[in-house]
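First, one chain by itself: the form predicted on its own, in structure tokens.
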Amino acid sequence: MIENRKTQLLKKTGLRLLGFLFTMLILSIVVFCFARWAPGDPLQSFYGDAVESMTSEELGAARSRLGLDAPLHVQYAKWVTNALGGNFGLSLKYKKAAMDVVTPLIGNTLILGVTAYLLVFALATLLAVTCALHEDTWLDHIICKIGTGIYYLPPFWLGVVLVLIFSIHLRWFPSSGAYDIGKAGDILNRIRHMILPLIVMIVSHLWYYAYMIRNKLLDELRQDYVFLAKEKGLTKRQIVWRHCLRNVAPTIVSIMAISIPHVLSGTYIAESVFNYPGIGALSIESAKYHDYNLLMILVLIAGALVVLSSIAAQTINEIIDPRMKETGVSAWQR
């Protein structure tokens, strides 16, 4: 019996690993091709305005030096070979190894993104429980109306308004950067720089997930076991916190998993609005300047994060709800 479980676990892990590798391969091919098919000249990123004064022979020589004149499949094969050896190529804009450009900024994005991610779901769960406990009361109606209204505020507009109020007029918080010059190790300084971006990210996502969790809790409150628990003398608060929330936990985990791209896109927007140095702002910049090698790394990092989070969520769901091991159906699909 134990050997069978080990065999099944190894088989499942192997299949998921193969699926992950295949997904990353397809993603790399798609991004590589579409980046090079997009209009624009990467030489402009590397040489700047000097491109305008180059002759056709000089342009051809420049493309040859950067490996841009070879057929697309040859370029991709060369990139894959080098990437497997840890060499992701040269950043055309920064003129140094692409990985050296990305590495210092990953930490900034992780701090901002993970903090926003945890706060969004902690607050969303609290809001959902509050609405479920006060269903159809004035408090539930007010939270729903305010949450819906705030959710539809454009993030860019909200970011600009926050900068005008809290950075320019009140001067409470900085309007850009991850920290002041020379204060990279100052935690309080980093927190001050994160507050406005976090507000934008939380406001942009909070009610969307709170509403889904709220509806799931309300469905759970209409199950037969809830009426039995009430007959036994349990209060609605006790039933929600002890039973309903636990039963919808697989759904919450699934929602958290599929929300990774959503929250990640919010990180990109916040970094752009507040000029926060992270891989989100760098991704937009690399696409703008046709910095192919830099763009490939950033997209693959984002893609790996999305796929791995989905795999992790499925594994956690199987632990929470053993029935999924047999059915193969996620809590989100039920």
Partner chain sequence: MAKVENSRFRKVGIGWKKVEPVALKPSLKKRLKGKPVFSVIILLFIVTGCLFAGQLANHDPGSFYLQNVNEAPNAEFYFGTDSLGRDIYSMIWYGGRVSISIGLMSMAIISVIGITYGCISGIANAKIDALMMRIAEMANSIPNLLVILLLMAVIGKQDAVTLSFVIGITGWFALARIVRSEVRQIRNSEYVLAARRMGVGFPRIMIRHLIPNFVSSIMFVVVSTISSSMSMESTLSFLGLGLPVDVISWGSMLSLANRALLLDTWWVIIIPGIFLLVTLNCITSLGNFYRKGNTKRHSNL
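For clarity, every value in this text was computed on a predicted model and none was experimentally measured. Residue numbers count along the first chain shown, from 1.
One more form of this protein exists, namely the form predicted in complex with the partner chain; it is left out here, but the text below deals with it.
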| property | result |
| --- | --- |
| The partner chain contact in the predicted complex: H169, any heavy atom under 4.5 Å | yes |
| Close approach of Y211 to the partner chain in the predicted complex, 4.5 Å, heavy atom | yes |
| Contact flag, P71 vs the partner chain in the predicted complex, heavy atom cut 4.5 Å | no |
| Any non-hydrogen atom of W138 within 4.5 angstroms of the partner chain in the predicted complex | no |
| Heavy atom within 4.5 Å of the partner chain in the predicted complex - the one residue of I142, L164, L126, I195 that qualifies | L164 |
| Partner contacts for 146-165, taking the partner chain in the predicted complex and a 4.5 Å heavy atom cut-off | T148, G149, Y152, L153, P154, F156, W157, V160, V161, V163, L164 |
